[in-house]
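In the block that follows, a single chain appears as structure tokens, in the form predicted alone.
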Amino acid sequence: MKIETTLAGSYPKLPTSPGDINLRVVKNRRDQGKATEQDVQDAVRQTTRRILEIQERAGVDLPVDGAAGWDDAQTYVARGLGGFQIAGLIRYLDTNTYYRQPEIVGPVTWKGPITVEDFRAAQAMSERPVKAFLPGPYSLYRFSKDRHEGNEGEALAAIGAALAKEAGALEEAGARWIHFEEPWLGRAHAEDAPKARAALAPLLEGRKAKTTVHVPFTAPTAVFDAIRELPWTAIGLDLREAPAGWDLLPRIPEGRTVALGLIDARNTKLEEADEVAREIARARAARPDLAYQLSTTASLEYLPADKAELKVTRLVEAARTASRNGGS
């Protein structure tokens, strides 16, 4: 059985070859009044094309557009929703990177498509189905500061409903897979389980596209029973940072897909294809009734661009080795 390949989240924006556009340079020139917003948009599109070409050369089955136009995984979408404003820089989890913190200052609403034109542009550049990317509602809330006088459960449900409308717009634009990034699900405690379910339920119910709920860095052990029966297609597990994710395999409902995060997005060391293939075989031996994808553990964006490209190539090599071995 073939092991499909895909990536999680964003991808390095820096060029790797002479002549490639440097998006950061173009943005700096815009900030200095030396380039226009159209110049930035053109650079975003050229960067997206380069990111897709890297994946297609390697043979990735479900490429991503790399979120070239995003500053981080939250603000691009939060800025487009009603009820949010964007505040100052704050540290991203336990990393040395920062993001602009969204603030909830009113009722959360969907005002119109936010990511659809980016998706359409990326899909037009690829012959393979591009996987659309959105923040998950639980994590978007946790990354934000709630200044609105509502209760937490209502805010989570409202964010889930707003993102459901964005997902619907992506489906209308042709998205066959939608990836929801949920790093905070792994940090949630058992008492948070009803809130996690309340956030995800309106997002996942009635979806035409296949969906991935991806949880990088930690395993969603404490809340998994609350979300396991929701109608997601795939659960993405980071099996490098969080080997406890292996213990979730017996609890995954029959017929679902697991995106095995076995290519480490936080470490430049290149995995051995044979070793990764053996880990895929371990998963298939434990749960032969499930389907499997091979994925990066998280966004590759913070690796050097040349190392990220090597990781993409190794991802495909490992999946092909596992597919040839038939999981044995």
Partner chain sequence: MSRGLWTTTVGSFPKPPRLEKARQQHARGELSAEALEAMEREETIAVIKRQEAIGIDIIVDGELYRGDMTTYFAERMPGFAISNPVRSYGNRYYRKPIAVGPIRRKKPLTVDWWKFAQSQTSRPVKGMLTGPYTMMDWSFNEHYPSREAMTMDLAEAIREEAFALQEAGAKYIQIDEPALSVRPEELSLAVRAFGRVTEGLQAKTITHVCYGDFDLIYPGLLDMPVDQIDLEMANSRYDLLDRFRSHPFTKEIGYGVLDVHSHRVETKEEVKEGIRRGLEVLKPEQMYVDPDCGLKTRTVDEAFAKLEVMVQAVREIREEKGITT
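Numbering follows the first chain given and starts at 1. Keep in mind the model is a prediction, meaning the values are calculated, not measured.
If you look for the form predicted in complex with the partner chain, you will not find it shown, but the lines that follow are about it.
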Problem set entry | Partner contact for Leu89 in the predicted complex: the partner chain, 4.5 angstroms, heavy atom | yes
Exercise. So in the predicted complex, does Gln41 come within 4.5 Å of the partner chain, heavy atom to heavy atom?
Worked result: no
Problem set entry | Lys165, heavy atom within 4.5 angstroms of the partner chain in the predicted complex | no
Exercise. Is there a heavy atom of Lys34 lying 4.5 Å or less from a heavy atom of the partner chain in the predicted complex?
Worked result: no
Seminar exercise, completed: in the predicted complex, the residue from Arg128, Arg251, Arg147, Arg120 with a non-hydrogen atom within 4.5 Å of the partner chain is Arg147
For this session: Would you kindly say which of Arg228, Lys208, Arg100, Arg256 lies with a heavy atom within 4.5 Å of the partner chain in the predicted complex?
Result: Arg100
Exercise. Out of 277-285, 290-298, 54-62, 264-272, where are the residues with a heavy atom within 4.5 Å of the partner chain in the predicted complex?
Worked result: 264-272
Exercise. Mind checking whether each of Asp20, Glu309 and Ser323 has a heavy atom within 4.5 Å of the partner chain in the predicted complex?
Worked result: no
Exercise. Taking the partner chain in the predicted complex, which residues along 25-49 bring a heavy atom to within 4.5 Å of it?
Worked result: Lys27, Asn28
